[in-house]
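Next up: just one chain, as structure tokens, the form predicted alone.
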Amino acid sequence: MTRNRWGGRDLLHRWEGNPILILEDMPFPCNTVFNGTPVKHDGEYLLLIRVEGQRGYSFFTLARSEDGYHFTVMKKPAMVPATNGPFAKYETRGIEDPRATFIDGTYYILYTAVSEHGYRIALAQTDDFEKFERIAMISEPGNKDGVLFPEKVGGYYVRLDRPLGLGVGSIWLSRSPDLINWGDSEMLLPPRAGYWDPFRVGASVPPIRTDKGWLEIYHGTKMTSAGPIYRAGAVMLDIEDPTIVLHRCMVPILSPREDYERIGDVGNVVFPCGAIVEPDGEIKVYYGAADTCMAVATANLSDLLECQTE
């Protein structure tokens, strides 16, 4: 796809007011704010954001907006690592990267629980983003980047995740009858040598149903002598059988170019964590930048669907 057709450096167009949330917007002391998952609830934009506190571990805080661009952060954290009960020993080093999906009247949050035992995917639920109920740990260690499909496929709940095997990070697909017990796992999307995503790939945005298939916006990394570069790409999966990859973009739809994406706790990172499709067809993609702040980029959904070129 040529630069002229894209209308800029990337298919996704950064909001001119980026970043939308920075350290100075937080109403309490912390280190960074990033990787927030968006929903549109009762006409209001809600962003459940990952905040790294000054002690070094992460927790979640809620931000609210009327327009999807200007957010106010709530004064108290929304969800902190468990200190007792069955989840406590798996959250001793924080909770990270929430991804929200609305299914049958309930918001389900997949997040990463971090401890000395490794990374695990955990499941929580909420009706109002005021109270959160932990449901289950739903993966073995060494797994993260979990996102739920917004409806059952073939009678099963379906998720994408990123287990790490032999140092290779690929996107896998798993199924569940009840959101708690998962299996029937298949490798879906591997890294690609010779492309922008040759090192690791991981699910980013909960899959979006379109007329052409399930649109998944994912992140991919390339290793360089200065460290990894995190970019965002897109892939189209079959509606009836999402293990079938219909198209995969040959080039990224968003790359770290601005100072707030290139300079931070982890440089050269754009990391999508959710998207909202508006009634007029605009898609707002919310992403963490340099593991330091939150930003948003937009496109016409129709243009995004056309970027699938492989």
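The numbering used is simple: start at 1 and walk along the sequence shown. Note that the structure is predicted; figures quoted are calculated from it, not measured.
What comes next is about the form predicted together with ligand BMA, which is not displayed.
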Checklist entry - So in the predicted bound form, are Tyr45, Arg64 and Tyr287 all sitting within 4.5 Å of ligand BMA, heavy atoms only? => result no
Checklist outcome for this item: None of Glu91, Glu216, Asp97, Asp161 but one has a heavy atom within 4.5 Å of ligand BMA in the predicted bound form; the exception is Asp97
Next on the checklist: I'd like to know if Phe271 sits close to ligand BMA in the predicted bound form, meaning any non-hydrogen atom pair within 4.5 angstroms.
Outcome noted: yes
Checklist entry - Quick one: is Asp291 in contact with ligand BMA in the predicted bound form, heavy atoms, 4.5 Å cut-off? => result yes
Item to check | Non-hydrogen atom contact Tyr230 with ligand BMA in the predicted bound form at 4.5 angstroms | outcome: yes
Next on the checklist: Residue-level question: is Asn35 within 4.5 Å of ligand BMA in the predicted bound form, judged on heavy atoms?
Outcome noted: yes
Next on the checklist: The chain here is shown without ligand BMA. Which stretch in 242-250, 263-271, 278-286, 24-32 comes within 4.5 angstroms of it in the predicted bound form, by heavy atom distance?
Outcome noted: 263-271
Checklist outcome for this item: Taking ligand BMA in the predicted bound form and a 4.5 Å non-hydrogen atom cutoff, the residues of 130-162 making contact are Lys144
